[in-house]
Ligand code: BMA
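One chain comes next, on its own, written out as structure tokens in the form predicted alone.
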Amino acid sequence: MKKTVLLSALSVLFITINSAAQNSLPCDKQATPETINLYNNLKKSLDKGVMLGHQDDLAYGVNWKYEDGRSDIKDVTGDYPAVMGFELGRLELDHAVNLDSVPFDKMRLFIKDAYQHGSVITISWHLNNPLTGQTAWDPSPKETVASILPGGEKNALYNSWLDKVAAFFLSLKGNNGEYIPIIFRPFHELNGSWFWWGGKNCTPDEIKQLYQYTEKYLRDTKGVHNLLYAFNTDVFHTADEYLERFPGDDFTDVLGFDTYQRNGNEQFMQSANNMLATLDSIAFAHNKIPALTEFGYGSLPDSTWWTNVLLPVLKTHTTAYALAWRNAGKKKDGSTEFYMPYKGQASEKDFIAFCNDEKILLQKDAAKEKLYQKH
């Protein structure tokens, strides 16, 4: 009980300090005005609640694709998510569509729409293994990360990939020609070993170097200044484990982790609570923005999961946003993949109650905060 009280007090102190703080700069000291505003307003909005997000929300859902203005979240609640997630995988290969078959030209339109309506945009990158030519999920050989650092045999190739990523970020502009701010989270889940950049597939020092090199290349070589950088692990147990591969305060703005429920409710709640409590303390110590960078419960078999499991967890902690993974819909094996409810899904009514809680913020709530403006 004492630990819970202490962490709650820490969260309150974190919010109070950030709300009262003078405007400060993100890790990119040359960031655009809108990006600086987003950075400061995300900190100041921590006392407002948790902005709810969804991957590929505007692109497709269960039983539909590319219907103008449609969203599974809007179908259920009447509003869009406050955070929109997108993915760059295959951009490095000059493909017209990403690894989830979303056309990059459509993605630009979705991002602009989300920005114009006040939502936050976050982008991940499941880049191919540059050493083997296979997917991001090809973790061998262990020399991959070293091969793309300066002096490595694939450094020039990696730079060419970063050139394409930079061009994409610089193509994202609002109605007045301003660059749209993006929360970029490269090398996510980097404590797990399923990606070539993660876990036992490289040393902690190597992934730190890669993270720093990537950011400096985008920022200093390519002049990309509309990014906030997110560092996120998968499931972790201690602060030391979380920080083992942390690239440093000068290279991060957002701290988060990814977690999916694969066991019972009680076990998930205990694990999520422990990680969020640890994240609270780390974010406070490092003056960063805490976030649940990815979460989900596949197929949502518990009709009251939103209010009985997730909401109590989120209410106990200080979290800027929580991004649910995508509603991929029907798959080749006949199954249906989704992490947010859709019309007629068993947890639909409970999800509405969840979104109606004052702690949960959707797009209209985010728009009221005017996150891209200086306050």
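Don't overthink the numbering: it's just position in the shown sequence, from 1. Owing to the predicted nature of the structure, the values given are computational and were not obtained by experimental measurement.
The discussion below concerns the form predicted in complex with the ligand, not included here.
Undergrad: Assess the spot marked by L99, H126 and K331: is the ligand within 4.5 Å of a heavy atom from every one of these residues in the predicted bound form?
TA: Per the other structure, all of L99, H126 and K331 touch the ligand.
Undergrad: Where, among 322 to 330, 307 to 315, 32 to 40, 341 to 349, do residues come within 4.5 Å of the ligand in the predicted bound form by heavy atom distance?
TA: Result of the contact check: 322 to 330.
Undergrad: From the list D138, E92, E87, E244, which entry has a heavy atom within 4.5 Å of the ligand in the predicted bound form?
TA: Going through each option in turn, the one that passes is E87.
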